[in-house]
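In the form predicted alone, a lone chain appears below as structure tokens.
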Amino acid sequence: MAPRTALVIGARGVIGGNLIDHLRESGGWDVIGVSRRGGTDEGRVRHLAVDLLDRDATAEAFAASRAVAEVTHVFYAAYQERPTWAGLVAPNLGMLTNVVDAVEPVAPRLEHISLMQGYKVYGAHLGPFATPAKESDPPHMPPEFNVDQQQLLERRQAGAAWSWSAIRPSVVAGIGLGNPMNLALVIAVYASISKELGIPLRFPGAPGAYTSLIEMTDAGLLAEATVWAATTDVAQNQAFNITNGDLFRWSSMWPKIAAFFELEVAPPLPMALTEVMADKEGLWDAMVARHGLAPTPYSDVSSWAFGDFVFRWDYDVIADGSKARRAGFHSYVETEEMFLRIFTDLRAGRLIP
């Protein structure tokens, strides 16, 4: 049987990078990673640099690539940040449209397009929402680019030979630099700077967020689930919530994180990380030199706005993951173990002291 060929859109992000690692380790896949910066080809993994917001450039790059002509599966995990919810729609819907328009005419073996979504589909970013959220929950008032993207795939799939799936993780945690949505790195750098300053680790979020229920999605687990949904008949043309499988409260997780960094815990203190960490670049650079860390720019490790976004959720943020289990996906990750493993890996890679 001819090997499958994956086109991973958003290859430099935490989700895309871990997905490429999973495909490489699984075997049987040729991989093309697509991002604006491109990457270094290695083995069966090649990279393609293209600005997906440029419709013509995307079409030209895909048409010129012999590898893209062999694509069987598209894994879409690209994201463009904008300051408003309405502002997110045009670039994110546009990029997906450009990808589908460019890949369909040149990839006759196309079998599946996988779309990465999130709990914004349920209105989690707007305020308290019905929990645990189910894939069958009714939509909320737009704008919402995740919904628009899924509707695009539903329309385009009608009568086509390929199928689609939509994957809805909670907050994703994994190793990856320069990504604006990396909570594990936010916590690791925040804790490391707290230790450098000789102060206890305080939860910086809203008071209600410290005691509300939340869940996470390990990037490796997410990669496994994404490939499962894209290659399993029963999962075609459906959406699935994918989470670690356990729930927690920061009030119980925070002391365990502090213990890893050998820090005392002090009572929570609401503060915007974007403000209190804005002047810490010089301190970070000094830490890099003093501890012999990998020379990583502060801008690549400081996803403070995303930390503020998550830590202000003073309501439960949880979804029902039973649909995926009923369909046959049973993998599970303990969230405490996930955090400690990621911190250990960050330390082993000399990204934190």
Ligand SMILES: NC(=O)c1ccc[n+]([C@@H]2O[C@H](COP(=O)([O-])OP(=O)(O)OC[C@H]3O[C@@H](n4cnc5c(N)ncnc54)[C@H](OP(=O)(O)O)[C@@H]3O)[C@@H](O)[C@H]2O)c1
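Just so it is clear, the structure is predicted and the values come from calculations on it, not from any experiment. One-based numbering along the sequence shown.
Although it is not shown, the form predicted in complex with the named molecule is what the next lines describe.
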Give me the residue from Tyr79, Phe129, Trp254, Trp228 that has a heavy atom within 4.5 Å of the named molecule in the predicted bound form. Tyr79
Quick one: from Ala188, Val172, Ala166, Val74, grab the residue that has a heavy atom within 4.5 Å of the named molecule in the predicted bound form. Val172
Here the chain appears without its partner; judged in the predicted bound form, the stretch of 197-205, 254-262, 232-240, 111-119 with heavy atoms within 4.5 Å of the named molecule is 111-119
Has each of Ala11, Ile15 and Leu53 got a heavy atom lying within 4.5 angstroms of the named molecule in the predicted bound form? yes
Hey, in the predicted bound form, does Met181 get a heavy atom within 4.5 angstroms of the named molecule? yes
Can you work out whether Ser35 and the named molecule are in contact in the predicted bound form, taking contact to mean some heavy atom pair no more than 4.5 Å apart? yes
Taking the named molecule as it sits in the predicted bound form, is Met95 near enough to touch it, meaning that at least one heavy atom pair lies within 4.5 angstroms? yes
Might Phe306 be said to contact the named molecule in the predicted bound form, defining contact as any heavy atom within 4.5 Å? yes
